[in-house]
Each structure stands twice: as C-alpha cells, then as structure tokens.
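What follows is a single chain, given as structure tokens, in the form predicted alone.
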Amino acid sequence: MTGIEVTGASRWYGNVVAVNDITMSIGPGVTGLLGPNGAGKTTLLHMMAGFLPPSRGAISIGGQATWRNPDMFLTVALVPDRDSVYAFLTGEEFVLATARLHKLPDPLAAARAAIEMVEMTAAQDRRISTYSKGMRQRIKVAAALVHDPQVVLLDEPFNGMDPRQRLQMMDLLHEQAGKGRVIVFSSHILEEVERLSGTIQVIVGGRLAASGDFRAIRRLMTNRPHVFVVRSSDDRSLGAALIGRQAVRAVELTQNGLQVQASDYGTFTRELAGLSRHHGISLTEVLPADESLESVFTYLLAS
C-alpha cells in the first residue's frame, strides 16, 4: 500500500528554519495540510514530491526515498501553487506535453481524458495566457493526473476558483481518493479543509502542531472547555440541575437554549443523559458548538 512517511524531517535555508523536525504518516484518502501562510506547508509538499531534500531526517513514499529518485515521479504528482505553465501553449498542448514526458502509450488520449476530468474540454484549444486563475489551476491538475499517479500533492489548489469550480474539484479529489490514492492538499482556508477532509495535519511555525481527525483533536484539548448548545423541554430547570456538576464550568440560559461549558467531553455527555432522565426533562438537541476546524486551529495557534 502506498503511503507517505515523514521521519524527523527538517528543512532550513541559512538561518531560516522552514520545517522543523516533523514526523507524520499519511495513507490513502484525502488529508488536509493546514496552517497559516508561511507555516512551511509548501516546503513540506516539495520535499514529499522529491523536489527538495530534507536538511535532516527522511521522507519516503511506498518505502522509497523521494529525493534523488526519478522513478518516484511515475507514481507521484505535484500541483504547485505558482503558475509554472507555459502561457503560449494551449491547455491541450500543455497536458499533452506532460503525457509525452511520462512516455504514456497513447499520450493524446490520456491528455484529453485528464482535461475532461477537470471540465476543461471546452477551453482546451485556447492559449493558457487567456485562462483565468481558476482555469489555470484546473489545467495544472489535469497535467498532474494525466499519468494516473498514486500520490497527488496539491498546494493551495482552490486559489482563484469560483464556488462551482471548487465543488467540482472537491468531488474529483474525493473520487480519486475513493480509488485508493493518497491525496494531500495544503490550505490556509479552514472551510476548504473542513469540507474536504476530516483528517488534518496542522503546521504552525514549521512544526507539526496536531495530527488526526480534527474533532478528536478538539476533544483531547482538556485544558480548553468544551462548549455545547443544549435544547430541552425545560431549559431553565435543566440549567439549574447542571450548575454545580463537576464536569460543568458554566451554564448560560439563552434564547436558543442552554450554552454549557464542560471541562470533560465524555463525562458531561454521560451525566447530561442521566440528569435529564432523573428530572423528567426531554432533550431535543445536544450540539457541540466549538468542534469546528476553526476552533481547533484557533486553539492551536493560541497554545
């Protein structure tokens, strides 16, 4: 099974440390590489793709080192954030050139199939210089997918795309992941990562700040209170019953129900069910209010 292994990887430029001692494992499916601008995401992706050597540590895909391993390019593709395309070429010529570099048996058919996947067939005969930012992004994805890679690395792939294009691209990446491929994309936009992938690798200041399912990460942050919105048949009585419970830090009665701060996720949810049953109160909704990716990201940056 193809997977990415990053072991103690660091990369520095003179006195500037871009990536600092990162260790992670990434398997098939969609994984979001999240972090603010300048966090080291692009450098890490370029090392995964074999375009940069780690200054220290190692990166391998399928058990093979990515650096100085040209055969790796047969199974790995990188979609860079920068517009590294020849603007005088048409979209089809650009993707076809990539297919020929990979020595595919029928490069024209492969190019046209990849272009169709990203819904660029209608514009394939236009010069890339006439494309919008979103169109250039899509033609780069087509070029990356033309040789049917097992690992696809994308750096800020949704930049410049309109909402419809973003949804189409998200569907395409999910489809590729469903075929057992490893899809890793970087973004600093929380909504993109949350909609496309529940599995995240959070990079802050060149370091790995968190890894895994973002909801599970949030629940492990025991030093931060968990916020719930609770609606019931008698919010006032339930609020009074909750006050003083060991797992409850604060209770506020609002127009939309109770807002409860709990110190322990599991203890609170278990006690809430028993408490409501004891007082004859029916629960209509219990909604974690701060399990969004934005909450996790905010907490990590503040740590």
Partner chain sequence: MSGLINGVIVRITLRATLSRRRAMLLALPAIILIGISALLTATAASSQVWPPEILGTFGFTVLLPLTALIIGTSVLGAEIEDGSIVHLLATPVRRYTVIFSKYVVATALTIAFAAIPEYLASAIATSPGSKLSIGLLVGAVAASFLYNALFIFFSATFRPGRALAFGLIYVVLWEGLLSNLVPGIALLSMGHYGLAIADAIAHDSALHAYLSTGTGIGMGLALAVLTIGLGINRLAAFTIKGDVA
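Residue numbers count along the first chain shown, from 1. What you see is a predicted model; the values in this text were computed from it and never measured.
Below: the form predicted in complex with its partner chain, not depicted.
Distance criterion of 4.5 Å from any heavy atom to its partner chain in the predicted complex singles out K103 from the list K133, R164, K103, K179.
Checked against its partner chain in the predicted complex, the candidates D171, D213, D125, D71 yield a single residue with a heavy atom inside 4.5 Å, and that residue is D71. Three-residue candidate spot F228, A247 and Y265; no residue lies within 4.5 angstroms of its partner chain in the predicted complex by any non-hydrogen atom.
Across the options 201 to 209, 110 to 118, 80 to 88, 228 to 236, residues that bring heavy atoms within 4.5 Å of its partner chain in the predicted complex belong to 80 to 88.
Contact annotation for I61: none of its heavy atoms lies within 4.5 Å of its partner chain in the predicted complex. Contact annotation: D148 falls outside 4.5 Å of its partner chain in the predicted complex, judged by heavy atom distances. Although the partner is absent here, L287 sits far enough away that none of its heavy atoms falls within 4.5 Å of its partner chain in the predicted complex. At a distance threshold of 4.5 angstroms between non-hydrogen atoms, F94 is in contact with its partner chain in the predicted complex.
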